[in-house]
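Quick setup: the structure tokens below cover two forms of a single protein chain, split into structure 1 and structure 2.
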Structure 1
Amino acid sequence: MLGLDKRDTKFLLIVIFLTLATPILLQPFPESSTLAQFNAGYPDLMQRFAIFGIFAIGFNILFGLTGYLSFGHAAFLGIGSYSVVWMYKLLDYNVIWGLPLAVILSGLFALVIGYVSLRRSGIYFSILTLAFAQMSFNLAYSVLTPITNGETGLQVYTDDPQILMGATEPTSPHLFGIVMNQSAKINLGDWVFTFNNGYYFCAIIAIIAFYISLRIFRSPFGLMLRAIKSNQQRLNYTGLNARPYTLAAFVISGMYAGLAGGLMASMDPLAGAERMQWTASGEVVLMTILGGVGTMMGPVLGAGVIKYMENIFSKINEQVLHSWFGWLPDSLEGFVIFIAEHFVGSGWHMTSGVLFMLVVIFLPGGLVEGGQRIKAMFNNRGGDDADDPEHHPKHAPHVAE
């Protein structure tokens, strides 16, 4: 289906199902349960899962396939956001105008930055991309204020032209009248499931982005990128010039980042320079490594885990902890809460840091490797040769999923 073999088609169908069923899967606990704190089926968080999943998928095309580690992808994220908000200001709130512009402008900026940065490799390439990202942040924050509105951020005002704005058109981001922030709620007993327009808009785009990345991974172009990562010097000895391939990967990756930035503005019509800070670039690196570099599902899983912890663990305050551990004796309750509060609330970074260290130490291949180990354990029960590719031809070399 769609140019994919049987295995990849099955994989894509599973991804589509899981993506469309996310509002249900992320709401496992009833509203009256004390565990409802861990439900993540609300629109803002689901949209972040999809958007940062796109961001991480694009970054993985560069880092996972070529091995070039960029610390400057937040620049393209910011460019995408500014592009969409400017279309709101000049035309109207329809997201259809801004997203293509976000992808095109991000690709052009990536072409320029990549052309310069890819003259170097390794840590020198990483430092160059970081320098470009910080330059972009400073330009947006304090130099190009007529375009970016500086530290206040770019937003839509009533006196903006909006030349396509109709009298009855929604005054918030929409797709031909389908308003992004509108939702339908379904009550099933004690469960409340929220089906949000904005989430499904992002989810459909994320599925398309995932499919394109899957085709790239399986293509001769993807094989060439993996050859560059494996041994670029040996590849150069064959007479092939690797730079056009790495530059193409950098541009594609930047376009993915611009699309993610545009979708952020599609959910919230505001663009600020903080989206271009180096911390945002570092975040997507953590997402990719946590999930599994060079795998298809790894970056998406990493993005989901980090955004889940950021939004769920950070909301667990002392009052919530008291409700959980109130059954303990007072002295023991105080001690447990004292320990726990360092890992939740404002200390959620501690939890993410510990998780990241454990993954790097025990699962160098990320969360995907953990899943593969569990799968191998079950396969080994069927025989000693379960993991031998000679006995299982279908397990020939294939990009991990």
Structure 2
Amino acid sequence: MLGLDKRDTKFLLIVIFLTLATPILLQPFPESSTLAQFNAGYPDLMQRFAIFGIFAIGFNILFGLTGYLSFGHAAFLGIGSYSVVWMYKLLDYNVIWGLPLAVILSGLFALVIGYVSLRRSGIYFSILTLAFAQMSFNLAYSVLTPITNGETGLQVYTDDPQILMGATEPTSPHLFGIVMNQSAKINLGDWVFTFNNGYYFCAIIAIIAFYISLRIFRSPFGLMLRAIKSNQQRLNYTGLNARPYTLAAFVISGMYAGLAGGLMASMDPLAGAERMQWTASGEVVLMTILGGVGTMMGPVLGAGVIKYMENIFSKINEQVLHSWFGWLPDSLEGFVIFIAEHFVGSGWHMTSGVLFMLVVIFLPGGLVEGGQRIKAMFNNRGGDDADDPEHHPKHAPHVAE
């Protein structure tokens, strides 16, 4: 189906099912139970799953396939957000105008930045992209204030032209009248399921993005990108110029990032310069690594895990910890809570840092590799080559080496 073989079609169908059923799957605990705090089925969080999933899928096309580690992808995220909010200001709240512009503009920026940065590889490439992203961030904060509204962040004011704005049109982001932040709530016994328009909009785009990335992974173009990762020198010796391919990958992943940024602004009509800061680039690297570099499912998984944990961990406070560890003897309880409180609440970043280090040190293939190892432990038959539906690249030397 759709140019995919049987196995990939099954894979895609599973992904579609999981994405569409997310509002149900993420609400496993009844509202009245104490475990309800682990539910993740609210619109805001699910939208972030989908958006960061798109961001990570795009980043993976560059980092996973070619091995070029970009530390500047947040810049495209910011450009996407700004262009969508500008379309709100100039035309109206329909997201249909902003999103294509976000993709095109970030693609153009990616073309320029990529053209310059890709003349170097390895660590120099990382530093060049970092430099470009920091430049855009600094400019967005200072001189470009007329365009970006500086520290306040870009938002829609009542005196903006909004030339297409109709009288009855909703005054928040919508798609031809389908308002993004509206949702239908269904109460089933003790369970509450929220079906949000914005989430489904993001989810459909995420599925399309996933499908495109799947096609890229399976295409001759994708094969070429993998060849660049495994041995660029050999590729050059065979008379092939690798740069157009890496540039194409860079532009594609930049467009994905721009799309993700645009969707962020579609859910919440705001754009701030802090989206362009390099810690935001670090976050998408983290997601991709955590999930599994160069795999199809990994980055999405990583994005989900990070955003879920961010949400859950930052909610836990000292009272919650006390209620959990109350059964311990007092002195021990104090000690456990003393250790644990570093990692919860505002200490969530610490947890993500530790997690990141552990994954890089012990599980370079990310959660996907972890899953495979566990699977291999159970059906210990060897020959894991056959059991590799996603064609994970073998541990090839990195371009940076």
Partner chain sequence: MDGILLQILNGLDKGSAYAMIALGLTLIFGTLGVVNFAHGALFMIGAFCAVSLQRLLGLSFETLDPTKKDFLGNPLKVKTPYIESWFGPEMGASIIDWSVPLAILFSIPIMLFVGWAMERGLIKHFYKRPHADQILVTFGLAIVMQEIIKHYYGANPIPTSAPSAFKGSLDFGVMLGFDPNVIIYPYWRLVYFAFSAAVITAVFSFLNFTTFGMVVRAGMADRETVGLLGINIDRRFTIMFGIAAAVAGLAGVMYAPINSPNYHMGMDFLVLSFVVVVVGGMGSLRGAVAAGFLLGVLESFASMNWIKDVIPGIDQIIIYLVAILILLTRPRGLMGRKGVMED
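Values in this document were obtained by computation on a predicted structure and should not be read as measured data. The term rigid core refers to the maximal set of C-alpha atoms that superpose within 1.5 Å between the two forms. Residue 1 is the first residue of structure 1, and the numbers go on in sequence order from there.
The chain as displayed in structure 2 is taken from the form predicted together with its partner chain.
After superposition on the rigid core, the Cα atom of F176 is displaced by less than 2 Å between the two structures. A movement of the C-alpha atom of I216 falling short of 2 angstroms is seen between the two structures when the two forms are aligned on their rigid core. The two forms, fitted on the rigid core, differ between the two structures by 2 Å or more at the CA of G326.
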